[in-house]
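Presented as structure tokens, the chain that follows is alone, the form predicted alone.
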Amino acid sequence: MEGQGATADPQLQHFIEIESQKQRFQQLVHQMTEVCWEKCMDKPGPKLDSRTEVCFVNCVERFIDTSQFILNRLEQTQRSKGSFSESMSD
């Protein structure tokens, strides 16, 4: 019976993983909004002028590009560390 506590429910693990992904996404959107608002919004008005709109689009696209680049680099680093540690144990 002691072993049962160590085995987590796969559905619960999946739910927790999805909720964690949602939380990370919301944090990313919040961070992106804050950065781009500070960069692009000179004076709030009733509607965006074309310059401000272009600034927001560019800001969001660069933010996404940068986030994706960092994520890819972290994954590459993890893979290279994993293969390095595997070769060390041989």
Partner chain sequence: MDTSTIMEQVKVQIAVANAQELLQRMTDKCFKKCIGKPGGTLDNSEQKCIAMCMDRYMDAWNTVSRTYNSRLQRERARM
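Residue numbers count along the first chain shown, from 1. This is a predicted model, so every value here is computed, not measured. In this text, the rigid core denotes the largest set of C-alpha atoms whose superposition between the two forms falls within 1.5 Å.
Omitted from view is the form predicted together with its partner chain, to which the following refers.
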Just checking whether His30 would be counted as a contact of its partner chain in the predicted bound form - the rule being heavy atoms within 4.5 angstroms.
yes
Are any of the heavy atoms in Glu17 no more than 4.5 Å from a heavy atom of its partner chain in the predicted bound form?
no
Is Gln11 close enough to touch its partner chain in the predicted bound form, meaning at least one heavy atom pair within 4.5 Å?
yes
Report whether the minimum heavy atom distance between Gln23 and its partner chain in the predicted bound form is within 4.5 Å.
yes
What residues, if any, in 36-68 have a non-hydrogen atom within 4.5 angstroms of its partner chain in the predicted bound form?
Trp37, Glu38, Met41, Asp42, Lys43, Pro44, Gly45, Pro46, Lys47, Leu48, Glu53, Phe56, Val57, Val60, Glu61, Ile64, Asp65, Gln68
Once the core is aligned, does Ile64 move its Cα by at least 2 Å between this form and the one not shown?
yes
Please say whether, between this form and the one not shown, the C-alpha of Leu48 moves by 2 Å or more once the core is aligned.
yes
